[in-house]
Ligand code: CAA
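Next comes just one chain, in structure tokens: the form predicted on its own.
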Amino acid sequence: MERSTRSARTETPAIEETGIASMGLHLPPLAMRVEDLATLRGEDPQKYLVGLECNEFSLCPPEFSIVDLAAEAARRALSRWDGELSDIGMIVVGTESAVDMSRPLSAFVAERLGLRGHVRSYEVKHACYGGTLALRQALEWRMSGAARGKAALVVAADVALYAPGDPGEPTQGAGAVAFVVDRPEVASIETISYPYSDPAFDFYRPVGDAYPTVDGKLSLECYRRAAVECFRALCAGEDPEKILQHFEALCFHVPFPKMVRKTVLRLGEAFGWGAERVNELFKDKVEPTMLWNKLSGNAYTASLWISVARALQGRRPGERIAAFSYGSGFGSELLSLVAGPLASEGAWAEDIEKDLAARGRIDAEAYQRLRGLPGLAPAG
């Protein structure tokens, strides 16, 4: 597609000309099977495989940082875009894995990319919701006309680690998703969305703490309530059955897949549906979107967007996807995406395939070393 000239790009773009122009994903180079972690922790593997519906989780070696993860996802997104680096007017990173309390992660990524000049650069924090907020801000920046035809580079990236032996350990993971926000070649995102928030201490990490503090029961309840409120707002009193028929897929933030299953069940109850109808909805429109999440583990801000990337792959132009974002604290938002002409190609799937093929799977002994823990005692 021929790009507009510099003078044309200074004009205020039409709303329908704003969306996801390209996408890139990146998973770190190591992973561990949850069965191996279960054996290490003296747990029944089915507790993780069935109880949580987790399969593997991504891990970063010592020399690999959140900057590596975010920057490579950004490079991949830029490589699929027909613009120039000089056409980027904003870089924003949503994360809860900040490496500095003052310097934004966006500056580290921009440095890697050689992105400098008349560019707005900053970081967004709101637990797992931060990536969605970053994307919404980029969209609204372009729609307002303030971008003057420039594109935005948005990255959602996190490394999620829990204390050894913590109940959340089998759900940990890492990943990054990057977007170029320009013309909606991959997908448009509808202007109207459905947010819901209610301050709570369900998941938090005070300054100086290495690992988060999690109230698992409260977090699950907050997540479920947020989903029900957001979907009710979407339906606006109309028949949920008819409203959800318009969506080919329903994507959720995936702390762990079983949490999503339980939330869909709660939605069904709120809509007055029977178990059979809820299971049909889950198997048809939700479960297929979590294939990559089951291999990445929880990637916090990137988690929802890994699911969305999977759901967009192979979509025909005009097909719709719902995306429910949640961040502890808590804030949530339900968005509607419409597939664009490049969705059917799903070029970003190559990123996942490449990373999965290249990554090494570590055993319990290697995991102990990676976490800085004593080696395992010899058998016998």
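For clarity, every value in this text was computed on a predicted model and none was experimentally measured. A residue's number is simply how far along the shown sequence it sits, counting from 1.
A second form of this protein, the form predicted in complex with this ligand, is not displayed here; the remarks below concern that form.
Remark: none of the three candidate residues (Y194, A233 and V264) comes within 4.5 Å of this ligand in the predicted bound form, counting heavy atoms only. Within 4.5 Å of some heavy atom of this ligand in the predicted bound form lies at least one heavy atom of S328.
In the predicted bound form, Y223 approaches this ligand with a heavy atom inside 4.5 Å. At the 4.5 Å threshold, heavy atoms of K258 reach this ligand in the predicted bound form. This ligand is not shown here, but in the predicted bound form it comes within 4.5 Å of a heavy atom of G168.
Only one of F108, W292, W81, F203 lies close to this ligand in the predicted bound form, with a heavy atom inside 4.5 Å, and it is F203.
Proximity to this ligand in the predicted bound form, defined as a heavy atom within 4.5 Å, holds among A270, L115, V278, V214 only for V214. Only one segment in the set 295-303, 87-95, 147-155, 132-140 has any non-hydrogen atom within 4.5 angstroms of this ligand in the predicted bound form, and it is 295-303. Within 4.5 angstroms of this ligand in the predicted bound form, the stretch 49-68 places a non-hydrogen atom from each of V50, G51, L52, taken in sequence order.
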